[in-house]
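Take a look at this single chain, the form predicted alone, given in structure tokens.
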């Protein structure tokens, strides 16, 4: 365990030195991850972690891996993707082109999932903006290389999500890993972006940000919701994680529920 003072000093040091703002992240979640970091980096206390942040330039990218949650999988919560396929994409196909923002894309599994769905929906003119706070995650996402067992498990989720072919059609296997076709990333722009400090991506038709907000405290959740509201076009869609909701946010009246179970909302038209 460590004191609140040491915890706050480390979070402030990270913000001052690297402009990564974890001050409104869930403190209980951050503390659990920092306890793991102490073990990983063989440190006795947070003062040692803070000293490394101050003096070892190559240390901070490693620490970020512990401060951010990277739990993800392809077609996670298949009902969400099936609802997009059946209820959202037919409407979005009426636009001449689409801009989609996947916020908190982690190592890219959701990006691959979206690209496959868009391909199977016959939507060709689109750009996906895939953002994450962790540059190491973005580099892994660009390579689109995943563990064979992980992809094997994703195959069943792909079918549950209404997949029209075989997931194996989209990758090449080699030894204990697979690489997804780079064509799936040809319309993807990867970008380092912090929901805590950075600005909007404008004129989005769909924003998917799932299982990220649960790690934020209420004021930061509010900031992010307003960010999404400002980023979406009229009638644009917002997808959240299974434990996240607009219900108690200040922008709830600006959105209509399109799929309550799968947490899909549509920005309402206001004169």
Partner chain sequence: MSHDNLLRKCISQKIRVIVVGTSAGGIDALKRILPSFKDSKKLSVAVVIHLPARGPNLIPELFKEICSFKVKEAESGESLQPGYIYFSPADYHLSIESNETLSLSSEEPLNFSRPSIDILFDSAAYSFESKALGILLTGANHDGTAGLLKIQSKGGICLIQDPSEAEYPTMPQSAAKSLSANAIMNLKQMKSFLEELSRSSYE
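These figures come from a predicted structure and were not determined experimentally. Positions refer to the first chain, counted from 1.
Keep in mind that the form predicted in complex with its partner chain is not shown, yet the notes after this line are about it.
Across the options 211-219, 225-233, 39-47, 52-60, residues that bring heavy atoms within 4.5 Å of its partner chain in the predicted complex belong to 211-219. Taking a 4.5 Å heavy atom cutoff to its partner chain in the predicted complex, the contact residue among 131, 187, 157, 181 is 157. By the 4.5 Å heavy atom rule, the three marked residues 2, 27 and 248 all count as contacting its partner chain in the predicted complex. Contact check for residue 33: a non-hydrogen atom falls within 4.5 Å of its partner chain in the predicted complex.
Put simply, residue 73 is close to its partner chain in the predicted complex: some heavy atom of it is within 4.5 Å. Its partner chain is not drawn, but in the predicted complex it has a heavy atom within 4.5 Å of residue 242. With a 4.5 Å cutoff on heavy atoms, residue 69 counts as touching its partner chain in the predicted complex.
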